[in-house]
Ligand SMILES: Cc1cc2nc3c(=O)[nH]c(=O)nc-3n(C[C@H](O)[C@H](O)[C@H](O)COP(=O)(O)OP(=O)(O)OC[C@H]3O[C@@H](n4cnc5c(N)ncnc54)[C@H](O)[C@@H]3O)c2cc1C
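Coming up is one lone chain in structure tokens, specifically the form predicted on its own.
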């Protein structure tokens, strides 16, 4: 049967039986229509606010299928969304009525220990990567939730548990294979299409579909020194102040976060924090386990803890520790982020006050220590431009009841406005919801002085803005 699909020109366009039959004949993967039983097998998204109801789904088996899907979308003038891991908090990997390219079946990972590289397909999750790299005691710098998609995180920057030692995910990308809007398969690296390579390291999915990415890998694990100290939420100001003071002289081998939330009872959580507001200080050390536990001891002494689970752990366990609390379709989420030059008294006051007045238990106010290797990269060396900040703060509005949408969203905006007023002016686009932003406001903040160069590259590789379901960069005119 024919289907009506969202059109780039506005409204919808009919895709007839003949066209659909041609698409089915050309791809080896799946072509799925509304009502098909196979729709239930499409990778679900994280954010329950954006489940999506696509008018047409292509689930490729490989790069050739992605080429056919991109050509089909372009030739028929269809609005297209690309789903790698589906963890876009802004819902950018979802679409209502348009065409969805779901990369879930392209999740292979191959580690080349001799070359020090990991080759990863565009639909892989970070858990897939960790599974293969940790076999060799190696890490490709990823995120802090193993269920996050590799491509989306990497293209938007990527901050995780080893960022201060090894940098952002995008800093460790050495090449990628990208299907651009003209249906061409292009390699992006320092030597081949270097402009495209520069752009995809922080510029998001604006330039095509990343079907594979290659990363540098580094020694880590499989057992690492881990800190997990949980303090009463009432001590938030004390803990944050001590954390900021400690961070000023922390070695690059230690990567940490400090955040306040409340979690329900779960077998993987100590009972002392079940349904109890807390401030957690988490850290990972890149180096020897014994020296790491000693170096991170101060993180366990900022106040009297509710419980301290600090211990040597498999790195894979650290990477997946937060997974149950960011389960797909479990939470409605609205997040906003900002960067800080320092943990000033004013910042501590705002963060602590907001942490103790959260509009929902699952809302997470979290501070990430940046600096180190992140800041060793020049602001114009990659598209990711924020290279000066010492901290990033993410105001993660998470809740379950749709009736609370307006209340939580308003609270997040207000909290963010207070912090942004004393911040560097930048935002982390991977942690930024866009429903209240104009078409370019968040992108301006997120990409800063690199935006004009990105717009020119966008015009070269996607002049008609086919790939617009993202933190969109408008092509230069």
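Positions refer to the first chain, counted from 1. Remember, it's a predicted structure, so these values are computed and weren't measured experimentally.
If you look for the form predicted together with this ligand, you will not find it shown, but the lines that follow are about it.
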Inset, instruction - Check each of 145, 73, 366, 296 and return the one that places a heavy atom within 4.5 angstroms of this ligand in the predicted bound form. - result: 145
Inset, instruction - Taking 4.5 Å between heavy atoms as the contact cutoff, choose which of 202, 141, 149, 397 touches this ligand in the predicted bound form. - result: 149
Legend entry - residue 430, heavy atom within 4.5 angstroms of this ligand in the predicted bound form: yes
Inset, instruction - May I ask you to state whether residue 130 is within 4.5 Å of this ligand in the predicted bound form, using heavy atom distances? - result: no
Legend entry - in the predicted bound form, residue 326 touching this ligand (heavy atom, 4.5 Å): yes
Legend entry - Close approach of residue 283 to this ligand in the predicted bound form, 4.5 Å, heavy atom: no
Legend entry - Interface segment, criterion being heavy atoms within 4.5 Å of this ligand in the predicted bound form, picked from 374-382, 309-317, 232-240, 205-213: 205-213
Legend entry - Within 4.5 Å of this ligand in the predicted bound form: residues from 84-101 (heavy atom criterion): 84, 85, 86, 87, 88, 89, 92, 93
